[in-house]
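Consider the single chain below, provided in structure tokens and representing the form predicted alone.
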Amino acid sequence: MQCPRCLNTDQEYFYRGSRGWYCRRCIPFGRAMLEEEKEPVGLAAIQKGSGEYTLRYPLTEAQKTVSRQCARLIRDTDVLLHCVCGSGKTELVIESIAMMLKEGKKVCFAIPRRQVVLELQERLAGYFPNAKVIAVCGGHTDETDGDLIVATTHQLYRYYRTFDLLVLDEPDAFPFRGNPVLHGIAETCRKGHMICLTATPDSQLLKKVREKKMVSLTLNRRPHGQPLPVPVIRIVPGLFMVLPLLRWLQKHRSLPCMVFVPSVRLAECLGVFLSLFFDCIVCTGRTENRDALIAAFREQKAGVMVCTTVMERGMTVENVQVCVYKADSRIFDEAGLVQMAGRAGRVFAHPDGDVLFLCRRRSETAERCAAVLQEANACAV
């Protein structure tokens, strides 16, 4: 017995109802009946000219090499693009997407988080002016058929055996990471191959590469060619940690600053305190008007955003400086710290940035993060 949607084979999850056997592991997405043959979802044909595209800026030679290799390999195998934060991973798959659209094949770009879906849909619509590019996520499910579909990973259940190419962004991120249901649905929504984009591949992706089920392509350089900002690690007793934070924020008072913290409660408390000295906003998973706050913060030339890990990926702010408060917290793993540090120095106009990790004690995780970024810089030379 195997669920046709999430690929579950654990017999404990199967239940026999009035219509037959179904899987309870993926029941939040509706009943997947084992005894009913699932048919591929019928979508409209690709519009003519959908594969024509124009990028906002020319790719570097290193980007062109990875882009061409990816387009060549994706016909025969899954591909992992292991590229540093800010390296232009989206632009690296444009050639592969265009190739599929020109052949009349369906493509999906899947992302863990809703706010990034909406931003990327607008961006891809600009790249592919003749294609119907739609967003499918919470609050945007009235239309589910397009030439190029940008969706949250939770929405992939709608597309059984549909996509000739699935681009999976940040597969190591929450909620996709460690979620067997979403992993299974990502497998069953496609009939072709998959491209995974991440700066921090997890053990499952690396295992697929070792077993030759996936080919890995690496890019350790950002388009502007400057090295990645490497965090400065400072160990400060917990009661006094706010003092170096204040000095650091004062030093960068004329610039936008992101302060990552390990909990919503700490974000709210620290946000109230910092508001006494700076123009400060708080952005967590509980923030209702998060999209508006993010848009406003991007428009500002200065200010402080206190945030949780919900903002560690998919966020680009020009000239932003980054501090991780209590970077030694068990909440933060190596991949998360790499992603947070990767918010700095992403744009051509401001290719460098100040990254500070404030720790209460020595943290091997923080040290490994710094070592990973130093190694990436060394490999990019």
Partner chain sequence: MRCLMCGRNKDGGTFRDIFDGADPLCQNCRRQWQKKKIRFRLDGIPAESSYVYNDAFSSCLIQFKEQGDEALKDVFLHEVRDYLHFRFHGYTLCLMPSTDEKYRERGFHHLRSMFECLKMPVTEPFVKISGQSQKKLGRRERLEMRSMIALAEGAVLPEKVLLCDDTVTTGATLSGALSVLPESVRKVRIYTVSANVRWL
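Positions refer to the first chain, counted from 1. Remember, predicted model here, so these are calculated numbers, not experimental data.
Below: the form predicted in complex with the partner chain, not depicted.
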> Pick from 58, 40, 49, 30: which residue has any heavy atom within 4.5 angstroms of the partner chain in the predicted complex?
Replying inline: 30
> Would 72, 76 and 102 all count as contacting the partner chain in the predicted complex, using a 4.5 Å heavy atom cut-off?
Replying inline: no
>> Would you classify residue 360 as touching the partner chain in the predicted complex, given a 4.5 Å non-hydrogen atom cut-off?
In response: no
> Even though the partner chain is not shown here, does residue 12 get within 4.5 Å of it in the predicted complex, heavy atoms only?
Replying inline: yes
> Is there a heavy atom of residue 19 no more than 4.5 Å from a heavy atom of the partner chain in the predicted complex?
Replying inline: yes
